[in-house]
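Only one chain is included here, represented as structure tokens and corresponding to the form predicted on its own.
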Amino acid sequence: MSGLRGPPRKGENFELSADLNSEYREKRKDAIKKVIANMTVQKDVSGLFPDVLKNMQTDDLEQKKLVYLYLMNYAKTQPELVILAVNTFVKDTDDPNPLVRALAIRTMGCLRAEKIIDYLCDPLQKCLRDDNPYVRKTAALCVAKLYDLKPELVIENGFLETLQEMIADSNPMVVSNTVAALSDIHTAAVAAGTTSDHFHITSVILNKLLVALNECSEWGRVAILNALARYETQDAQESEHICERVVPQFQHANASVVLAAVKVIMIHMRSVRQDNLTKTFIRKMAPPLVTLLSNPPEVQWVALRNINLLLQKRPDLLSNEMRVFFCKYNDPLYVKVEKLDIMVRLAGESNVDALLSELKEYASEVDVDFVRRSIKAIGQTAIKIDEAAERCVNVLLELIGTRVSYVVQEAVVDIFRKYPSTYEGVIPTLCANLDELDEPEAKASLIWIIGEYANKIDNADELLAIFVDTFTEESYPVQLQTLTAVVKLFLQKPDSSQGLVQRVLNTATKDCDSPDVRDRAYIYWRLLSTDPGAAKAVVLSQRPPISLPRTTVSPQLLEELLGEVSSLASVYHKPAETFVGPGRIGIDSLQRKASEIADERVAAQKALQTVAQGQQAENLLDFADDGAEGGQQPSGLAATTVLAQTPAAANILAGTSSNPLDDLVSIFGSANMSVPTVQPGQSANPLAGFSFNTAASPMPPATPSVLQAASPPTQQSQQEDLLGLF
């Protein structure tokens, strides 16, 4: 059989290795291209590191770029072999070709290998003072990468001072890259808790930044504009000067540059004292923001989120641009939702008719979620503009006759809250569509209307009886509204609804699964049985009219977010620390948090094991010698005999629990909850003491006391509600 075996098969890496060591230059170059292609599709070619390294010394710039790309990818896995490439890197930094010099210093900064960092300082020092601006701008970014790896090395070699000097460079690209590097270093230093300011912008630096601003690429302009946003002006005149120099950036084609310029204007406009100048800046800000809406949907959404934030601060910013935000047929839903919100913010007496006409068209769309939001926008418009409320109600009444009537009730509720006794004439029309309701929110809204105006609806008890009959089948929001509406009906018409309220309270307390519904039923029961006057004061109390909030965030947070325009914070409408965390990217804090959670789990497991080991120990707090023999439940440490039988403790001790701190009560066995015993002559029915006769004062039900709760325990099922104590 051994004679039938062929020679061992050679893999692709073996063939590539042979080609990389070929005597022919073109064959070696083709092999390097194949290696990079395999690396791109996630194939492991790290074993070819020594062979690729041999092809590093070449005059072919394309081949050198490919080798450097390979080195950057596998430097972390082969740190011992990377040191062999140092001599070639240092030699390339003295190459007469500036492209080779820049490529060498950029690759050295990207390797992120500890052993090569010490060899980086001298070549970096030479490249920072190179005659060619392309080499200088590349070296400037390399300083920021070195600071990320070893900050003390940057400070010791004076790289920060060199960068400060390079801000005065004659080439604007060098200036922009220097600003980007200093900004990154400043951010990293702040995250590390360093008190010294590594990038302090003075008035001299300010003028140099403003000069370089108009001649940079998009990336450079964004970096300079972000630096200008950090600058603290000395007086109003300096703020006006910055705004005037930044305004031309509004005409840039790149959306990021436009938003960065808007951020600078919004920040420095706070110090401008002349109202006419402020209005001029706001007027010039409107056209570029409108132009952003001609971008792809993703860029549109980012622009709309930032516009939403700007309108909360400056409502008059786009007051004449309502039609720009009308939804197109091919807009994604997330864009349409943002446009709806902005349209409501821009709504006024002059454009409300156009808005209502547009929203009415949206109500006939196919997307149910978009239709719901559109109708809600009609209600918000009625709340915002008092003069247009009647027109909004008429539009909603027209929609009731169409297939979208199932969501109209939600908008009408807001209008009733705003204008309590103005539009009661539409109630019969709403109630006539009761059979067509199938959405829980619409049902809950109509039930609220029936309960709120029960004294003006003749057949309110019949309408509510429909929902009481199907009480257990409805969703929890509908159950809560039904319960409240029936109690309101009883307080206004006690004679005709006594049986209905008793039925809904019985159903809610006995057959309902939701603790929220049961709790509310018990509260109403206790209120009605003790003091109907107090119940009427609570349930039928006057509610303040609602209004549309001008901002969705607090004023302090709004000012903070306006300083973060064009970043994720302004898109999420949240501070950066809520989703990034401390540090440059928050990864350190995430790892620290994970280790803390692991430590907590270990500590909890040790504590439980300690309790289990002490289960035979003497209970020092139990002075009775015959407690256990008397049939009583064990207490203290003696109670831990049941520890192993409980699922929660068993999972924790086995280390399989997802949260060892969860359900600690169940660790110590099945808790036999004690209930008050029924005294002789006292009814066991929890309805005792509840009187629906408003002429006589009801007898309050007996309140369980602490002494009753301390009586000998009786076996109780876990499903029995604790509020049965009442």
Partner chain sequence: MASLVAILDLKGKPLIQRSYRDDVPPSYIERFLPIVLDLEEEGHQVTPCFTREGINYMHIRHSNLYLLALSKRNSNAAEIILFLHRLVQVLVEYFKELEEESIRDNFVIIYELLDEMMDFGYPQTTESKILQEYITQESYKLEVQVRPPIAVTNAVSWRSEGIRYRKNEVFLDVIESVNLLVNANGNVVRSEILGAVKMKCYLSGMPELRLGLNDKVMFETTGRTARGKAIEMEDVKFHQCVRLSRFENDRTISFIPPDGEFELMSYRLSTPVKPLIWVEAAVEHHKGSRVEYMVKVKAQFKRRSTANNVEIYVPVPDDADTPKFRASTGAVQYAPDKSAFVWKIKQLGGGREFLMRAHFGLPSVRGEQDSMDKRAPITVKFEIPYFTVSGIQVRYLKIVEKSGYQALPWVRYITQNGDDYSLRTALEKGSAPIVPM
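Numbering follows the first chain given and starts at 1. Keep in mind that what you see is a predicted model, and the values were worked out from it rather than measured.
Form predicted together with the partner chain: not shown, discussed below.
The three marked residues, D60, S256 and R373, each reach the partner chain in the predicted complex, with a heavy atom inside 4.5 Å. Looking at R543, you'd find every heavy atom of it more than 4.5 angstroms from the partner chain in the predicted complex. When the partner chain is considered in the predicted complex, L548 lies well away from it, no heavy atom lying within 4.5 Å. The closest non-hydrogen atom of N171 lies within 4.5 Å of the partner chain in the predicted complex. In the predicted complex, R28 stays away from the partner chain, with no heavy atom inside 4.5 Å. Between the options R391, K76, K115, R273, the residue in contact with the partner chain in the predicted complex by a heavy atom within 4.5 angstroms is K76.
Among L346, V571, L527, V86, the residue placing a heavy atom within 4.5 Å of the partner chain in the predicted complex is V571. Figure note: of the listed segments 292-300, 459-467, 478-486, 232-240, the one touching the partner chain in the predicted complex, with heavy atoms no more than 4.5 Å away, is 292-300. Applying a 4.5 Å heavy atom cutoff to the partner chain in the predicted complex picks out V247, P248, Q249, F250, Q251, H252, A253, N254, A255, S256 from 227-256, in order along the sequence.
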